[in-house]
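The chain below stands alone and is given in structure tokens; this is the form predicted alone.
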């Protein structure tokens, strides 16, 4: 039985430069990078040394807080460099890939042994694909989640088309769903876009709860979906994953090999060629943009424009990202720019004529059109924030570090991505997402 849910509050930002639905194989780079900074809330402990040879799926480091949670190499090859930053913080592990890839072999569990499945996912390095609310961190394997949610669409600007990226992986997806059902005694929820015909891969899945969501961004955020299906109370845990994560887990179950390959969208109106690539996490950005000329300054993002990380041309594809996005930097100031009714500019209000053209696509840059100022109540957040939560009050409780008030105002239900639109419309130009992450880390540390 499916459930239909309509999201009324939110905002669709339509940008030019979506990836064409053409799939290519990314060129094999000379080096891959595994970045511990991709994983929120972990302190890494190294297991390898420079010059050592590793197999694809072999562990590189583990979490200091839980030694069972390991992080594996996406390729076989030689450890070329271990990059550290201030106070010897581990930033990256560079791996020179073998010409012929060799995989570590893992024994697949028989039957429906949940503990054996968890052990396999931990040993192979696939466990980080499974994350949890509250806190939006890697799930604790000792927990028993009340359910698992899989968001099967993405409403962010220029995001990869989920139906396209999972096409051809039907068998692995179904195997991965079987694993998801073994991990919880509750329901496995597939949350799909109810405004378009549902992909048969999702609609025909057995033993799951299908939820159809309609509405503007952030309807595709798993946090919004959990909030409207089964809000999280203190002491409860819900796990979540995404379709390509499920495919990777299913591939492990079927073959016994940890294959981290995924389909990645290259998008952004700054690029002449925009398409999809099959690649591995840790692939250099230059492997995707090779041969394309970029005039002027541009921001290269691993992920989407709202929630991705600034990577630069010398950066690498993040572990959780399925997009590389390139847009112009907006460094040039505009004299009285807000007074000019320019139809090429976008606004959530009626300050500009963009409200008369709701289907128009825009070529936007990174210009914030202002600087940080006093945090004032304007009512703008509430228009784009589809939670039954007071966003401004929650952010102010984070600023004053009032953990009890954070709990009362719903900190357990949100993550930084859920506040991305608040950051876009923020009159005070505040780094809202980093503020939310600070609050989540504070509560997690206090209650651990």
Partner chain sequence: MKAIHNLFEKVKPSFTEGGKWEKFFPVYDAFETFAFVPGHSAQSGAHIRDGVDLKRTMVTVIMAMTPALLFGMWNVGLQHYKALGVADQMAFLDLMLFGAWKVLPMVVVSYAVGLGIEFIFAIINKHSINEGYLVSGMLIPLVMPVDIPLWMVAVSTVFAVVIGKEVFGGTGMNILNPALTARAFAFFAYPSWMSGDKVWVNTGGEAVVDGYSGATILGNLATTGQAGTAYADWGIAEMIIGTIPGSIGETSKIAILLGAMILLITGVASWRIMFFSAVGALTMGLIFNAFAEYAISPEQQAFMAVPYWQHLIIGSWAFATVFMATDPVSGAQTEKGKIWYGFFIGFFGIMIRVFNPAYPEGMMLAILLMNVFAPLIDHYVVEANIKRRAKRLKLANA
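Residue numbers count along the first chain shown, from 1. In this text, all values refer to a predicted model and were calculated from it rather than measured experimentally.
If you look for the form predicted in complex with its partner chain, you will not find it shown, but the lines that follow are about it.
- Contact check for residue 36: no non-hydrogen atom falls within 4.5 Å of its partner chain in the predicted bound form.
- Although the partner is absent here, residue 405 lies within 4.5 Å of its partner chain in the predicted bound form, judged by heavy atoms.
- Taking the partner from elsewhere, residue 343 is found to have every heavy atom lying beyond 4.5 Å of its partner chain in the predicted bound form.
- Its partner chain is not shown here, and in the predicted bound form it never comes within 4.5 Å of any heavy atom of residue 185.
- The candidate stretches are 163-171, 226-234, 129-137, 107-115, and the one lying within 4.5 Å of its partner chain in the predicted bound form by heavy atoms is 226-234.
- The partner is absent here; in the predicted bound form, the one residue of 290, 329, 203, 314 having a heavy atom within 4.5 Å of its partner chain is 329.
- None of 370, 85, 296, 197 but one reaches within 4.5 angstroms of its partner chain in the predicted bound form through a heavy atom, and that residue is 370.
- Contact check at 4.5 Å (heavy atoms) against its partner chain in the predicted bound form: none of 24, 30 and 51 pass.
- Applying a 4.5 Å heavy atom cutoff to its partner chain in the predicted bound form picks out 340, 341, 345, 346, 347, 348, 349, 350, 351, 352, 355, 364, 365, 366, 367, 368, 369, 370, 371, 373, 374, 375, 376 from 340-376, in order along the sequence.
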